[in-house]
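Before any questions on binding or motion, here is one chain by itself as structure tokens, the form predicted on its own.
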């Protein structure tokens, strides 16, 4: 009996391979044009995203200064990061706190504003979408906040506080550690209505009204029930895309801190993982160490995405 089973397995394996190859050939014949259309993007993704990630993972186990051949040092970079690099631990703490606060809040803001704007007349809706989306694409957005929180009496906030006799001397907003993180969070929330916000608007615009009519027949009585049982389940692709974008922007924060509080910030209060990565990769050229930082950030973002996906699968279920 055992010999017969082994012989069956041996004969079935080539058949399965032939069937799989036939399926691939049939799929290529049926969808050849689609594969060709996807091919340029696939090549760009492989060359400029997948390949750099793979190379970074390899370099994270080496000592590489871009001038000499990489020297394999196993887990030394990771040990130094986690055990001996106190500034990296500060950056991890700041990044996690920043992401936990800004990620969910900005995600809810994107959906709530998109939901409210979707109820407006078409012309008014178009104008409001442009108004809310504009900060995220403005290259000089930080100039506004630098002016508002300027540490001298010419900063708008200091000027009004002095005028109303709330303070007796200008507050050094960007030079005081306790003010840096709240200011960065406010700025990030102001900039968060970006591509995710547009995807929510598009998702709300593409809703099938027949579903709402069927829901009314089935016993849905108010807008909140419509939102939970019809709108959100119908928008799962947009919700997932928006979540990915918000996670990326929350964990990948660096430009805001550099523009507002400088590098390094006071007591490293505005120091994030990406700032640490730019320090070792862009200034010190310790590419092996920088690659280890990038790998850790990569897996943290992957874990956050998986967690969000599990939560979103329960929406409307």
Partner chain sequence: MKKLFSKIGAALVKVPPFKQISAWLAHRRITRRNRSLSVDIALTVFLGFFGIISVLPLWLIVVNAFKPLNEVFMFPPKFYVVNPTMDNFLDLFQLIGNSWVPFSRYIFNTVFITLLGTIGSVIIASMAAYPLAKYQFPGSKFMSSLIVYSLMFNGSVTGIPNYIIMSKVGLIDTYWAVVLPAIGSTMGLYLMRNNMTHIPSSLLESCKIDGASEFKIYWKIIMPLSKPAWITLVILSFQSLWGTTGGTYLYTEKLKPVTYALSQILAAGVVRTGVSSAVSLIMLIVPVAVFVISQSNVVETMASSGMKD
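Keep in mind the model is a prediction, meaning the values are calculated, not measured. Between two forms, the rigid core is the largest collection of C-alphas that superpose within 1.5 Å. Positions refer to the first chain, counted from 1.
There is another form of the same protein, the form predicted in complex with the partner chain; it is not shown, and what comes next is about it.
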Next item on the list: Work out which of the listed stretches, 96 to 104, 171 to 179, 127 to 135, 83 to 91, brings a heavy atom within 4.5 angstroms of the partner chain in the predicted complex.
Entry: 127 to 135
Notebook entry, point to check: Quick one: does residue 212 come within 4.5 Å of the partner chain in the predicted complex, counting heavy atoms only?
Noted result: yes
Check: Going by a heavy atom distance of 4.5 Å, is residue 267 a contact of the partner chain in the predicted complex?
Finding: no
Check: Do residue 56 and the partner chain come within 4.5 Å of each other in the predicted complex, heavy atoms counted?
Finding: yes
Margin query: Under a 4.5 Å heavy atom criterion, is residue 216 part of the interface with the partner chain in the predicted complex?
Written below: yes
Notebook entry, point to check: Among the candidate residues 204, 185, 144, 79, which is the single one with a non-hydrogen atom no more than 4.5 Å from the partner chain in the predicted complex?
Noted result: 144
Notebook entry, point to check: In sequence order, which positions of 253 to 283 have a non-hydrogen atom within 4.5 Å of the partner chain in the predicted complex?
Noted result: 274, 277, 281
Notebook entry, point to check: Cα of residue 105 displaced 2 Å or more between the shown form and the other one, core superposed?
Noted result: no
Next item on the list: Please say whether, between the shown form and the other one, the C-alpha of residue 176 moves by 2 Å or more once the core is aligned.
Entry: no
Next item on the list: Could you check whether the CA atom of residue 160 moves 2 Å or more between the shown form and the other one, using the rigid core for the fit?
Entry: no
